[in-house]
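Have a look below at one chain only, the form predicted alone, in structure tokens format.
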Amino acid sequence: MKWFHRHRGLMPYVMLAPGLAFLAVFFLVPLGFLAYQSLESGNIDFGYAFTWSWGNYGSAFTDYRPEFVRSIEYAGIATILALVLSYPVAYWIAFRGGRWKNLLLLMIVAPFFVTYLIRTLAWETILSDNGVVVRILQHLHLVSPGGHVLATGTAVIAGITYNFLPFMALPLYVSLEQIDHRLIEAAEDLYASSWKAFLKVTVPLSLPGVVAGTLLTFIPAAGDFINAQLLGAPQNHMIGNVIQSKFLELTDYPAAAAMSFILMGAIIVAVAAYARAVGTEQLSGTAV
């Protein structure tokens, strides 16, 4: 105890030590091994050798540029759709939910009690050619009589949006729930309409939730491969499908590791640009 009193300034680092050790063992070490593997050359039959093969990165990006672009595109569209769908729901729960708030939040989280794979397979059934969705779309002349929704980019984006919707809705709810209602009442007392008070007060104060939700949705969505595998066609495959195939089927480990780092770098650049655009105060949760 005396040692702790004499070295009180070290206590934060002592408390951080278990978490840092966990990250070092289960994140930094595998990441370093993946970086090492991305610079190897060879094949599974004759073995791999570390040769500083930077060409793996150039070849991966050149050969699979459409998959990289498609991943960012699908993830971006799904993130925007999730925001558009989640904001009204989170707003209604936060401001109108009353004693039903907990139940409504449980309904948002409830799909997480079912495995990711089962949820995606359910969408495969919902969007099947003989399903209700396709029949309704055909009745509205949005899909031709012999057309289909499955095996299209639309189905992949729909699956990604559904699967990651709670990651958007929950941060939005937390941010909206923390808004002081007296600020909105003050805006209305100063002759602002309800719509103007929403735009000038509610939306700015909820931006931390918007930023957190978009990041939590976009980052995992960009690396997803389950939705593209089950709901899309080969021409809808994302870079996650290519990485999965390279690792588990073609055993081209250096190329797969290089593609993983390219995807990681692209996401980091996109997040950094996004953070710069919205401002670091929104990331820290101090909207003004």
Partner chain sequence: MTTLAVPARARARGAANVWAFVRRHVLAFYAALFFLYLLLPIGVVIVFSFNQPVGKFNYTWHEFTFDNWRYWNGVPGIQSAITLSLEIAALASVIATALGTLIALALVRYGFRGRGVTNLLIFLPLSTPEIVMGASLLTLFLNLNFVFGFWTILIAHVMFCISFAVVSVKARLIGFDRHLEEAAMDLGANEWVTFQKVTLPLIAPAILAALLLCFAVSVDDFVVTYFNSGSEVTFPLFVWGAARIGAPPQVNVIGSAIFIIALTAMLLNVAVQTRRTKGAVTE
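Residue numbers count along the first chain shown, from 1. What we label the rigid core is the largest C-alpha set whose atoms superpose within 1.5 Å from one form to the other. Here the structure is a predicted model, which means the values were calculated and not measured.
One more form of this protein exists, namely the form predicted together with the partner chain; it is left out here, but the text below deals with it.
Considering the partner chain in the predicted bound form, the lone stretch of 69-77, 176-184, 201-209, 83-91 in range is 83-91 [heavy atom distance within 4.5 Å].
By the criterion of a heavy atom within 4.5 Å, A270 is excluded from the residues contacting the partner chain in the predicted bound form. Contact check for S53: no non-hydrogen atom falls within 4.5 Å of the partner chain in the predicted bound form. At the 4.5 Å threshold, heavy atoms of L248 reach the partner chain in the predicted bound form. Put simply, N236 is far from the partner chain in the predicted bound form: not one heavy atom of it is within 4.5 Å. With contact defined as any non-hydrogen atom lying within 4.5 angstroms of the partner chain in the predicted bound form, the contacting residues in 216-235 are I219, G223, F225, I226, Q229, L230, given in sequence order.
V269: CA moves less than 2 Å between the shown form and the other one after rigid-core fitting.
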